[in-house]
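The chain that follows stands alone, in the form predicted on its own, written as structure tokens.
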Amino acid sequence: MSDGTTTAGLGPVVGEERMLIDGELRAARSGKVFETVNPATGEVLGVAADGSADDLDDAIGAARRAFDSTDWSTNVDRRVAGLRQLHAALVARTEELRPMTVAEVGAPLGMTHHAQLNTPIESLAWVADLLEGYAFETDLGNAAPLGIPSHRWIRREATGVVGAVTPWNVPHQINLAKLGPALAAGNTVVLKPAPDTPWCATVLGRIIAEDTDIPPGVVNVVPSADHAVGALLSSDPRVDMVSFTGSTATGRKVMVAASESIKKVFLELGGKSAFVVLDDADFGGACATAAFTVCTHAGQGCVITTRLIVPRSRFDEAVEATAKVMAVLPAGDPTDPGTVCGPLISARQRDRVEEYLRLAVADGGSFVLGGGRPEGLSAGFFVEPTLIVGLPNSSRVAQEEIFGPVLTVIPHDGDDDAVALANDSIYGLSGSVWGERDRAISVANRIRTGTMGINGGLWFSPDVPFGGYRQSGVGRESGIAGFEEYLETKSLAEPA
């Protein structure tokens, strides 16, 4: 266990150095560790075990044995009990996890009461409820295929060993969105977290080991500073499925590696989502929402709407309204309850965002607001919320995922043009439309994305499937559809 600094007003930051393999909290075989850093201050919080290919091999072996030699995959009551124990333990430790989450993720404190901590924990209760009532068998009745009277039924079974690779932006949300349904379905799991936020996963491993009766090997957590270690989950034939959330570029590599053993793949990848405002919309509400959304967690979210597509006839009005709200949401200390826009996760990510800002200017864009580093926050990895005009939808800044508080405003010439602009992207993850209800729904139905908000409606919930079209991914997370991603379907028949 690692004790880092004390987060102002929140208490001590308590992490976990050790990985979890086969029920044992242990160091890396090599003894190596790597640092985890507070992105708001640049200070080292502590260290985590630096897992290697050998450690991952141990973890995969443990998961394979647990799946093949225990009743975890077939004992629904055991799985329900394990999930409820984990939920109860996380609820009991929520206030211990909160300062660690703010410190390691740079998550604004307010977000930890929602998507960054509390909501993911509560999603486990929903998964356990789903499991208790789920019908793993469906009777299809009798028929006589080829003249042979037969009774047929469908059985749904666990896929096997799942390799879960997760990112740093909302680690609790995505760790639990993979772990909960995978375990409920009867799988065993090897979790490889992002090197920027190892403690969010290793602390989860410790809680599973110490506070639940989930059998050894069912959950394994292997942090590593080396991204190549996680890539081994895609190629190892003992792994039956890879569940990956991250960039589209890495997702392509996962698909290629997984193809060697034809394993199941779930991919939740990038986004460049459009926020479409129609000419009859509530402009004040729409532009305020667009501004707030892109500032949230410094824009580090795959579903965040980073292209604001507004009527050309009201372009200046939209820019002014959006800038007015963004101006009162500056980058700030994530421990402050009023902060919406915290730091970027690392110096590397800040440099990446700043390179896009330079590119915006080089391509003819201009900053209505922001465009640099905020004053007084030089110790951390901060970028000002930035509003850009003057760039076409074809520009790199309007086409590529930046993962920063950067919003590009683009004019449209009516509903058809707005739809065309929104769909002019390799991505299709999310989006938003504001306007008269029926008209807005019609536009939303024409935009090729996996999720859409209409006039401020919010789809985010444990029971709602989430995923993307096109290069934003394959499959769905959450909801019944997300649970069933982790199942195989077997068809059976006997003489009628």
Ligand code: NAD
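Residues carry their position along the shown sequence, with the first being 1. Everything numeric here is computed off the predicted structure, so don't read it as measured data.
Separately, the form predicted in complex with the ligand exists; it is not shown, and the next lines address it.
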Of the listed stretches (212 to 220, 240 to 248, 94 to 102, 154 to 162), which one has a non-hydrogen atom within 4.5 Å of the ligand in the predicted complex? 240 to 248
Is it true that His227, Gly270 and Leu429, all three, sit within 4.5 Å of the ligand in the predicted complex, judged by heavy atoms? yes
Picking from Ala281, Cys302, Leu117, Leu204, the single residue whose non-hydrogen atoms come within 4.5 angstroms of the ligand in the predicted complex is Cys302
Note which of Ala360, Ile174, Val409, Val189 lies within 4.5 Å of the ligand in the predicted complex, where distance is taken over heavy atoms; exactly one does. Ile174
Looking in the predicted complex, any heavy atom of Phe466 within 4.5 Å of the ligand? yes
Against the ligand in the predicted complex, would Asp236 count as a contact residue? Criterion: heavy atoms within 4.5 Å. no
Glu384, heavy atom within 4.5 angstroms of the ligand in the predicted complex: no
Residue contact check: Gly370 to the ligand in the predicted complex, 4.5 Å heavy atom: no
Mind listing which residues of 157 to 186 have a heavy atom within 4.5 Å of the ligand in the predicted complex? Val165, Thr166, Pro167, Trp168, Asn169, Ile174
